[in-house]
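One chain follows as structure tokens, the form predicted alone.
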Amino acid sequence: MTFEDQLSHLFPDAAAIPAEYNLPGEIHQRSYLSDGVMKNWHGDVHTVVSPICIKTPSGLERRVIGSYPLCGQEEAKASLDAAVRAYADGRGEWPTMSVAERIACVEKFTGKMIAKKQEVVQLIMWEIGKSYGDSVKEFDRTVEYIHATIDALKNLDRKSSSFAIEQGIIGQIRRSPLGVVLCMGPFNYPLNETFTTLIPALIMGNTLLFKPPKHGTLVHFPLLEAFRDCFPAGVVNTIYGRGNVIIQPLMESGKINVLTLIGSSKVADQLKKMHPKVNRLRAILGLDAKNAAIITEKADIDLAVKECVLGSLSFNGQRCTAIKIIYVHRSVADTFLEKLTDAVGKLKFGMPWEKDVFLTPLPEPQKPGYLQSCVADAVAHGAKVINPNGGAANASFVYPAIVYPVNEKMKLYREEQFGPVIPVVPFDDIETPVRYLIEADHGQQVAVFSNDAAELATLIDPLVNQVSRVNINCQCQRGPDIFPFTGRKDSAEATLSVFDALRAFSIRSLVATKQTEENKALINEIVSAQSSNFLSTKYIF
């Protein structure tokens, strides 16, 4: 079958969808979680269409998979008030609960979440077009992250269970919550990336307003009852609706203590400015990134090609950690491009449930047009699409385009394309890619390919001061989750890892007293009676 035939027959008839991967029916969400109650919704809704198109007599149509509430400011404010009441200025049941009790609630939730695995996995696949295998991996990795977070908190609490005595002062130092958290996750990892902020914020004793991403909203619907059943009323509240309608009044209320967003720096800047007391607002942000790969003349080209394909095209390049621009030394550029073209040509494209599929349809309706405009702009400024069929599209699917040589006049040089387009820039002097990273607005990661230790050493030292992770002979990536994940410049604020996230959503607090016999007796009495959850020597195993 020719490429043209494969592309034109990419999408299936409804009857051709394998039953084990098909949704049992449309999912029309008509309730949302607020103040410990699944509240019914009778107002406007947003129709959810899949990136997967279905052949019909009138042509290809994106399959409707359901709908969810489009709530307004009144509902959002009611959920905010519920979160504020649940926190109760730090006196609520959840923020004053012992660490062991909060862990038990999260463990109970995790068990209920695992019971919903198949529903959630299918919704990830159908809502955002992620392959079935990668959807399963996202779910499993999220569960692993929760378990790792619990273990990290136990370890942190064990280290905090003792008293320090310095200069005649007795003190116990622990971490306490910050307040009400507004949590907004991204569409590309609607479960995992959302939970990497939601779970640590929750387990540290904060209360939550949770707004699911526009693409990937229904993914969370099967979990709402688990949130309701496992946590006190008002601790977890979901808000739905247009962001430009419901988020502004929430921020302007001044009742949000922590903003956590994985999205664009432009949106983050706007939201922070809405808060009336910005100095009281803690922001934990994962933002824009245009990670570069640098391939020197001393690189293993086969390895560089393998890692750059994974780095630039995994989940169609829709990852903040994706490689979004490649600098290659001119002396090896032809060899690199030839092998890159060959590797891309071997990638399987198709429907998310197909075995070993690598390239799938894109969830954002406007994305194919945007990517094609980027390629056209590059061609207009002197670049070429190197690989056969690069940029070819059918409805929501776009075949990868390798664009070379890219220069500073092109959108692909500056903009985070967030899709299957690979810009390649030739260089003669290593100062060229280094200068690009210095002058860039982004500073998340870089991948450097070289087999020369001396060359790598000269690059590592300046690059770690421009980005937050330098990857040697491998793609950019987030994991393992024990490693810090952050960025410089406009790419991030605060640091996320299993341990760092617990710190990000809490603050060090201490109880201290002078070392007198009377005070020691008081502390011993409190500890012996176990009357305080903070001032305690309980040891969690």
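For every residue, the number given is its place in the sequence shown, counted from 1. Everything numeric in this text was worked out from a predicted model, so none of it was measured.
There is another form of this protein, the form predicted in complex with a small molecule, and it is not shown here; the text below is about that form.
For this session: With the small molecule left out here, work out from 314-322, 333-341, 390-398, 212-220 which stretch has heavy atoms within 4.5 Å of it in the model of the complex.
Result: Single hit among the candidates: 314-322.
Exercise. Heavy atoms within 4.5 Å of the small molecule in the model of the complex: does Ser497 have any?
Worked result: Because no heavy atom of Ser497 falls inside 4.5 Å of the small molecule in the model of the complex, the answer is no.
Problem set entry | is_contact(Gly479, the small molecule) in the model of the complex, heavy atom dist at most 4.5 Å | So Gly479 counts as contacting the small molecule.
For this session: Give a yes or no for Phe505: in the model of the complex, does one of its heavy atoms lie within 4.5 Å of a heavy atom belonging to the small molecule?
Result: No, Phe505 is distant from the partner.
For this session: Tell me, yes or no, whether Asn206 is in contact with the small molecule in the model of the complex, where a contact means a heavy atom of each within 4.5 Å.
Result: No, Asn206 sits far enough from the small molecule in the model of the complex that none of its heavy atoms falls within 4.5 Å.
Problem set entry | Contact assignment for the small molecule in the model of the complex, among Ser79, Asn188, Thr149, Ser135, heavy atom within 4.5 Å | It is Asn188 that has a heavy atom within 4.5 Å of the partner.
Exercise. Though the small molecule is not shown, can you say which of Arg282, Arg141, Arg175, Lys367 has a heavy atom within 4.5 Å of it in the model of the complex?
Worked result: Residue within 4.5 Å of the partner: Arg141.
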